[in-house]
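Okay, so here's just one chain, in structure tokens, the form predicted on its own.
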Amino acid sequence: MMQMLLQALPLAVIFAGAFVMMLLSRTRTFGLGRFNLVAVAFLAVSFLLGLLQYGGSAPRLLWQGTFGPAFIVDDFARLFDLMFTAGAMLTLLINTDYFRSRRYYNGEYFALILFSVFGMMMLAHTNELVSAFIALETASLSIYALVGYHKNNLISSEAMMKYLVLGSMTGVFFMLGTALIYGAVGATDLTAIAAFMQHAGEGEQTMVIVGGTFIIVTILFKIGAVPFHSWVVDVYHGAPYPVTMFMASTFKIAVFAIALRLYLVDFATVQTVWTPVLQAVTVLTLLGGSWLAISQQTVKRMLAGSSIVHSGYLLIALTSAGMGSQVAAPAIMFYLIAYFLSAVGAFGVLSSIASQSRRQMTYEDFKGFADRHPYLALTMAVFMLSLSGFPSTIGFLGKFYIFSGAIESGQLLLAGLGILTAFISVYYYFRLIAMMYFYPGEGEAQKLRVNLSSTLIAVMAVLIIWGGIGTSLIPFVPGADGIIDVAQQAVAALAVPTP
């Protein structure tokens, strides 16, 4: 009992923190700095507890006598917990200046961030479809509210309504799929579903496959895969910068947590049914995302379009894992870490600039940026290089592992298309670098402000370079090899828990 309490403590701390922030939000004596400090404190405690528990213990069901096999604790879920809490902490700390520059932030914002993190953590730990739906909606509803948090901004309100309506509609698909699976299996826990699929005949699996297809539609919508992508660019554009950063760094990753558990374990016996569909969606996602990213004029919308392309890379790895590649599943975890670092850094720089400006930044606004802000320009260049997959960055290794998995599984055409779209991405990522360094701009060089935000952005840039080259430069400090080891350990922990 005590051991299970300790294992559930990282989630419990976030849940308690969300309610504390909600109660404190009515207190007028609390300033924005204190709200930020308290929220980060809860996230930091949860992160440290999760880090201490990571590694070494077998997958375990929590309070099986009370909840059944609904919640599982394993290294796979713990690694996602660490990314969620780290992403939320970085969102709050890097955007400190942005919060101060906008008067509409108050205590409710921080409570919503913590509720969203709690929903994501539940999603990573869930072993049952109804609890997965509740976790997904807990995270999603908080994100809907955060997108429209600047309620006096019409663009934010429009983005929230579009996201809310479309997201709710796809949530219905998840519940419909769950109902169909329950009708066939007589249970909604993933352990029972996996056991049913291993022993059922082909005719008995039909309803489960149809139900699973509805759930996959929900997942494809949440990650912005084409043709379920219509909301992505407008929602990213309308959301405040910290919210866009939070969505890009954590929410997309959270959806892949449940996608991997379902696809690699519970529906492993029928992966081939969905493989052709996922391959077609992958092709559309890579091409459609590239077109959207190329056609944008503001940097924020370009990053939204490119996030669709990154979903396409992850779908390549997902289908590769379903076709027997041993490299693909760890490659997904590695790529999620690489994308997490790069996206947090890129949106962190944009947020830092936006704290001193009131309008969306276009490519033209970055002309001569390296002369005015040499430090921010350098870090932004590192993040663009990593997102494009330039050698010596962690983004390059992420793509290398994914394309290796595709070739290993025999998906040569998808590997080729992935490499082609990576070359295409050079245009829109390097276009920003060219604007910063090769065009004259107006204004004088700004003195570097050394504060927490600028320090964290620098740390992210160093981690990206270190993750790309730092394998054995400093003894006992893990680099790319250490990250892929962690990814392999997390995937190895994925298993059907023993009832």
Partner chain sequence: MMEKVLTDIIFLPFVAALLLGVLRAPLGWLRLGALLSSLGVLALVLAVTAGFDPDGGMQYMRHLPWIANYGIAYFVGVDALSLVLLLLIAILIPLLYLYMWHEKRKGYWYNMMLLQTGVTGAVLSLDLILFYLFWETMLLPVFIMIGRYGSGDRQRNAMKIVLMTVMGSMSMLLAILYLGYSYFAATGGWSFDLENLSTLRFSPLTSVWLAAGFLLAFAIKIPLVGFHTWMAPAYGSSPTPAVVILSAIMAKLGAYGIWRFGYGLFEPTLKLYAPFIMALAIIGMLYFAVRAVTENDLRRMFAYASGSHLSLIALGVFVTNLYGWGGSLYFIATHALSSAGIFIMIGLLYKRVGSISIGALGGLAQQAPRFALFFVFFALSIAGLPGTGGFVGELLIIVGAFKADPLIGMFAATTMLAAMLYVFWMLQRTVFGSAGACSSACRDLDARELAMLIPLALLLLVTGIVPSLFTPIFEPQLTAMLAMLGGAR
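Only a predicted model underlies this, so the values are computations on that prediction, with no experimental measurement involved. Residue numbers count along the first chain shown, from 1.
The same protein also has a form predicted together with its partner chain, omitted here; what follows describes it.
Residue in contact with its partner chain in the model of the complex (any heavy atom within 4.5 Å), chosen from Y339, Y149, F214, F390: F390. Comment: its partner chain is not present in this chain, but in the model of the complex one of Y439, F67, Y54, F30 has a heavy atom within 4.5 Å of it, namely Y439. Put simply, F430 is close to its partner chain in the model of the complex: some heavy atom of it is within 4.5 Å.
By the criterion of a heavy atom within 4.5 Å, A44 is excluded from the residues contacting its partner chain in the model of the complex. Using a 4.5 Å cutoff between non-hydrogen atoms, Y401 counts as a contact of its partner chain in the model of the complex. Residue contact check for I484: one or more of its heavy atoms lie within 4.5 Å of its partner chain in the model of the complex. For a residue to qualify, one of its non-hydrogen atoms must sit within 4.5 Å of its partner chain in the model of the complex; none of F19, G107 and A145 qualifies. Of the candidate stretches 342-350, 185-193, 296-304, 392-400, only 392-400 contains residues with a heavy atom within 4.5 Å of its partner chain in the model of the complex. Residues L412, A415, G416, I419, A422, F423, V426, Y427 are the members of 411-428 with a non-hydrogen atom no more than 4.5 angstroms from its partner chain in the model of the complex.
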